[in-house]
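Just one chain is shown here, as structure tokens, and it is the form predicted alone.
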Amino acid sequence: MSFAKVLLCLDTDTQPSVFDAVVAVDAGVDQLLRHGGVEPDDVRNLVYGAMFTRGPADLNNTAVFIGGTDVATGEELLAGVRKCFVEPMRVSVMLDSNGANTTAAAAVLSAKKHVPLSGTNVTVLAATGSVGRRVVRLLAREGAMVCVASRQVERALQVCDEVRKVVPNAKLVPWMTDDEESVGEALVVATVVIAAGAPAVELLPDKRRRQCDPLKVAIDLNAMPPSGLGGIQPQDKAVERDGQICYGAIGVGGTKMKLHKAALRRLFEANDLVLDAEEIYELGKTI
């Protein structure tokens, strides 16, 4: 008997994401069970419904996807899903709230195409947001020396502490970037800069970016004008500007979409996978 591929979508927003649904369909999912406004207390009954309707040998045809714009709650949902598993009854699960995992993985993979990350100085601007935190985590695992930049040094320190809990040997420096001068100072020795700030907020003016002599790769994840990194266009993909290899949000977005679809397909290859930022990043190295 052939079983349909069923994806249980747990979304923290009131209306489940249309974007995530379309990507799932394009990735080959047969049936979507979409639930919006999901809270941590809702997880058990929803996941039990997915787990206990098929035998262990067929559970690779059922998977869970966690989405929505609330990344912190999404992480709580993932923890709740994992607590539901009773061997051999379990299903694979992927976390990509607000697209943070796939976007961060795509950004770091883009940088890795051009420079070896181990031992390389990388500055992450707006490093305390959901994408920035994951970028820092992935860079730390690659052995990069990361300048963790934020307008509030306390928040940068918090990110450093969180990352060191999972990457004990992480080489991290918290940095306060509350004006143009301090942003420039955060880039004095940087070979790579990744800007993960809010939409339509310029973090580094064009003139200042061009003055960063050691800078070889500049990646801006803001798709709304003005660019987070001045002079970089959203559609840039490995475009050379002023001696720097530049990526804009749309340029990174192609890799992000490939990763999203590949990760969804991967869910149905086994029933015991947990795809968080690190797992998605490792998958990206193979595609």
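Numbers follow the displayed sequence, beginning with 1. Note that this is a predicted model, so its numbers are computed, not measured.
Keep in mind that the form predicted together with another copy of the chain is not shown, yet the notes after this line are about it.
Novice: Only one of Arg241, Arg34, Lys258, Lys237 gets a heavy atom within 4.5 Å of another copy of the chain in the predicted complex. Which one?
Specialist: Contact check passes for Arg34.
Novice: Between the options Val29, Ala249, Ile245, Ile232, which residue brings a heavy atom to within 4.5 Å of another copy of the chain in the predicted complex?
Specialist: By the 4.5 Å criterion, the partner-contacting residue is Val29.
Novice: Does the trio Gln152, Leu172 and Asp178 actually contact another copy of the chain in the predicted complex, every residue with a heavy atom within 4.5 Å?
Specialist: Per the other structure, none of Gln152, Leu172 and Asp178 touch another copy of the chain.
Novice: Given that another copy of the chain is not shown alongside this chain, does Ala4 nevertheless sit within 4.5 Å of it in the predicted complex, heavy atom to heavy atom?
Specialist: Yes, contact at 4.5 Å.
Novice: Since only the chain is shown here, I'm wondering whether Ile280 would be in contact with another copy of the chain in the predicted complex (any heavy atom pair within 4.5 Å).
Specialist: Although another copy of the chain is absent here, Ile280 would stay clear of it in the predicted complex, with no heavy atoms inside 4.5 Å.
Novice: Does Ala223 make contact with another copy of the chain in the predicted complex, using a 4.5 Å heavy atom cut-off?
Specialist: Ala223: no contact with another copy of the chain in the predicted complex.
Novice: Can any non-hydrogen atom of Val274 be found within 4.5 angstroms of another copy of the chain in the predicted complex?
Specialist: The answer is no: Val274 has no heavy atom within 4.5 Å of another copy of the chain.
Novice: Listed by sequence position, which residues of 40-70 have a non-hydrogen atom within 4.5 angstroms of another copy of the chain in the predicted complex?
Specialist: Residues within 4.5 Å: Asp42, Leu46, Gly49, Ala50, Phe52, Thr53, Arg54.
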